[in-house]
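Taking the form predicted on its own, here's one chain by itself in structure tokens.
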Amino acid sequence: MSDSALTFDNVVKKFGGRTALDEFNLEVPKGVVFGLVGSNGAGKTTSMAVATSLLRANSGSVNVLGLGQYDPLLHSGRVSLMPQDSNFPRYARVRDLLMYYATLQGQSAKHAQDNIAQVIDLVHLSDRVDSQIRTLSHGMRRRVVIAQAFLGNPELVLLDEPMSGLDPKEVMNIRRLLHKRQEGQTIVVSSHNLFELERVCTHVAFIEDGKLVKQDTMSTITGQHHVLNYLIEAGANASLPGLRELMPDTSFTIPGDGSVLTCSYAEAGHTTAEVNSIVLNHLLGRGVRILEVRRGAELETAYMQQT
């Protein structure tokens, strides 16, 4: 049985003379929260549409949950999609819409009612479940789309810009929702909010011009287990030769204006606590004022370096 929830193998998708996916390869492990990062037009939305057969690839193959290309009957209730842009019937009521989607999944009326109550509560819309779509704000409509994506606890959930248009409180709520996902559930999130992706995703992939640039665990991409950054007062004498003498197998650099000391070490040779103890003792012993210590780089920095 495949350990991958979603696999793209040399997928090409063209729109006339423009290539949206260019021999695109990607492998999403089961049971993870996987972030897709890329500039506008990089191919993130197209990849989700191809994965769910809303668009047909020109060549290559997609394997969904180890069952081959997406099939509405074979994958019914097991895969869901939250599109980036969607319009609901203006005069439909939230409960009726979600009941319709649950019925398409094959849920019984009783099961659907209970499930709708659960997902509506997850997105904090219990007080608007009988409201017409036209009376909802943009952010509330986005939360309805998120709710439908989690109907039936599908094995694979594809979320395209789920935090777009949400206020800060609801962004925090969606973050909690992703952290509390069902055991074994795989979630793929496309977003320009790299700060939030860094906080919720266990894995990440960078996509540019329809190609995979890099994919790995979030900790590896950002260097959380082998890079420490020390924010110090600009111009302070950190004595790099002294540090290198203490830890000859470790790289120390102070790029830019000299306000950040970056330490890159071999995870197999040192623990984070050990490195931190040696470096901090050295800096404090020289009277260097330390403003902040951060593990790894920000996802935004890692993305810019890779692309």
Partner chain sequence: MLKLLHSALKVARYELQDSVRSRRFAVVLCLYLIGAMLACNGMISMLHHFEQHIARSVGLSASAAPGDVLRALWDSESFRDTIAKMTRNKEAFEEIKQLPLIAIFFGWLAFTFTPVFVILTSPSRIAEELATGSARFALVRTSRAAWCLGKFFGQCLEVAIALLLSAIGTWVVARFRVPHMTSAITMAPMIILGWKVWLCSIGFVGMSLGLSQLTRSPNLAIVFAFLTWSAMKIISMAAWFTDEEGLTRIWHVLDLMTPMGHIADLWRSQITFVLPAVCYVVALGLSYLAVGYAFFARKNV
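Residue numbers count along the first chain shown, from 1. Keep in mind it's a predicted model, so treat the numbers as computed, not measured.
What comes next is about the form predicted in complex with its partner chain, which does not appear here.
Peer 1: P72: heavy atom within 4.5 Å of its partner chain in the predicted bound form?
Peer 2: Although its partner chain is absent here, P72 would touch it in the predicted bound form, with heavy atoms inside 4.5 Å.
Peer 1: Please check if D130 has a heavy atom lying within 4.5 Å of any heavy atom of its partner chain in the predicted bound form.
Peer 2: The answer is no: D130 has no heavy atom within 4.5 Å of its partner chain.
Peer 1: Check whether L104 has any heavy atom within 4.5 Å of a heavy atom of its partner chain in the predicted bound form, and answer yes or no.
Peer 2: Answer yes; at least one heavy atom of L104 falls within 4.5 Å of its partner chain in the predicted bound form.
Peer 1: For Q148, is any heavy atom within 4.5 Å of its partner chain in the predicted bound form, or not?
Peer 2: Yes, Q148 lies within 4.5 Å of its partner chain in the predicted bound form.
Peer 1: Here the chain is shown alone; which of L81, V227, L125, V200 has a heavy atom within 4.5 Å of its partner chain in the predicted bound form?
Peer 2: Comparing distances to its partner chain in the predicted bound form, the residue within 4.5 Å is L81.
Peer 1: Pick from E233, D96, D167, D209: which residue has any heavy atom within 4.5 angstroms of its partner chain in the predicted bound form?
Peer 2: None of the others qualify; the residue that does is D96.
Peer 1: Only one of 240-248, 53-61, 265-273, 33-41 has heavy atoms within 4.5 Å of its partner chain in the predicted bound form; I'd like to know which.
Peer 2: Only one stretch qualifies here: 53-61.
Peer 1: Scan 58-94 and note down the residues that get a heavy atom within 4.5 Å of its partner chain in the predicted bound form; none is a fine answer too.
Peer 2: Contacts from 58-94: Y70, P72, L73, S76, L81, P83, D85, S86, N87, F88, P89, Y91, A92, R93.
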